[in-house]
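Let's start with one chain on its own, the form predicted on its own, as structure tokens.
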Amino acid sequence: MAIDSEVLVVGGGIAGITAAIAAAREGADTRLVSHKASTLRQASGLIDALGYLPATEPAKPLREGPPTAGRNLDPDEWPDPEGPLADPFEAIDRLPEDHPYRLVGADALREGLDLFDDLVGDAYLGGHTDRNALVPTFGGSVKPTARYPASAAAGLASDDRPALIVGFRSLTEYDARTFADRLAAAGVPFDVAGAEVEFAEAFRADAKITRLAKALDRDEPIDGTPAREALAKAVGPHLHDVVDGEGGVDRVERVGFPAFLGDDHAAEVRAELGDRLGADVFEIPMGPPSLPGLRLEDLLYDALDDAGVRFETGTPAVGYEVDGGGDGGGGDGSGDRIDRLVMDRKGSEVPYGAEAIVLATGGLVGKGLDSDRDGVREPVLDLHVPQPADRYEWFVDDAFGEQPYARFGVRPDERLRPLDESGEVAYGNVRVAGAVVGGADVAREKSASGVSLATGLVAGREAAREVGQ
């Protein structure tokens, strides 16, 4: 017997969650299924909309024809991307015509961000303006982002107050002095210093940052001293480490830590550390596992519950059944319809029926697209993925150039219905959202979250509309 719902969303990332909540808010009975745990826990927790505008044509083409690589030809010369962009909305009209933002419109991005603000409440900031904030990230770079966790607010690069960056001798992958040097080299408008302190040595060498976060949550004793007090005492001697441009010594007004300052009681931990240090305390987003990503995952899962969305994970899609009630991909252009998806539930194949389906399974990184020597394919519904037949045309020699493969993905119409090879709607009751949609180079643009929010919102609403019809 099939497990039925009106809207079935496949994918548990930002795009899938956004689509599910948007559909549920339109009144549709909605179910979200995910193969694996959400990729949110691997992400920085920052919500980027559009930070850079990469060039799509070389500044100096050195050869005729399409971009190719590995043929012993001189590489083209590519200009640096335009940015960081102050206003992401202003630049949307200059993106390629098949970019997801151009399909769904700037208003979809704006409404997607509004929905995000509503879901996360005061845990995130940035919604007071259309302009990007500049947030220091792991590695010493500064990222333009539309929304940022409240825990990162005191660390914005536009703030000119002197800052101390704290590292821990046992966290070898995070070098606070190098981080501070890179910030200074990036031209930030404040004096900055890095300091390595002893704190994490009290834990096992292989302790995860979540273990450190829990210790601060519970204020566990470390050699007889409560963890928060112990951390403040370790940092205190370095509050005068910053040297200004004239050789003077400043007492810092803000202190940045790797993002592990608590999990369930993060705001309380930051507040107590701030009181003890006499400075504002902020977190710097790190690589996985990411505490800001885990916190965001918790917020969005709670929002799914509040919206009445049924959610299950560990159920990969392994097949589908087509209802030929459409026109077979021609005629009125409505395409065929997917009647059911077949899901693998603990080794048993179970049909999931739905009137509308949203596919938000991710891109090449998230395995929503598969690639091998024969090409790139969408594995759930075998949707068409445009690509050059010659693999040498998938990429260019310049690592910083316009890489064609970065924009691979399913190409939809403006209602996010997937198109087949002839440009007709493939399935009239399917919508695509997030990284499975082609046309955006989200890594270079810094637009991954925004594309997911904008397309997820439109896909969810369109799916609910499909049910209504």
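Note that the structure is a prediction, hence the values are computed from the model and not measured. In case it trips you up, residue 1 is the first one in the sequence shown, and so on.
Note that the form predicted together with a small molecule isn't included here; everything after this is about it.
Enquirer: Though the small molecule is not shown, can you say which of Gly375, Gly274, Pro84, Pro316 has a heavy atom within 4.5 Å of it in the predicted complex?
Expert: Selected residue: Pro316.
Enquirer: Out of Ile47, Ala440, Val430, Ala28, which one falls within 4.5 Å of the small molecule in the predicted complex, going by heavy atoms?
Expert: Comparing distances to the small molecule in the predicted complex, the residue within 4.5 Å is Ile47.
Enquirer: I'd like to know whether Ala24 contacts the small molecule in the predicted complex, with contact meaning heavy atoms within 4.5 angstroms.
Expert: Flag for Ala24 set to no.
Enquirer: Verify the contact flag for Ile14: yes if a non-hydrogen atom of it lies within 4.5 Å of a non-hydrogen atom of the small molecule in the predicted complex, no if not.
Expert: Because a heavy atom of Ile14 falls inside 4.5 Å of the small molecule in the predicted complex, the answer is yes.
Enquirer: Can Arg295 be called a contact residue for the small molecule in the predicted complex at 4.5 Å between heavy atoms?
Expert: Flag for Arg295 set to no.
Enquirer: Is there a non-hydrogen atom of Pro386 within 4.5 angstroms of a non-hydrogen atom of the small molecule in the predicted complex?
Expert: No.
Enquirer: Within 4.5 Å, heavy atoms only, one stretch in 239-247, 353-361, 187-195, 223-231 touches the small molecule in the predicted complex. Which?
Expert: Among the candidates, contact is made by 353-361.
Enquirer: In the predicted complex, does every one of Ser38, Gln42 and Val380 come within 4.5 Å of the small molecule, counting any heavy atom?
Expert: All three within 4.5 Å in the predicted complex.
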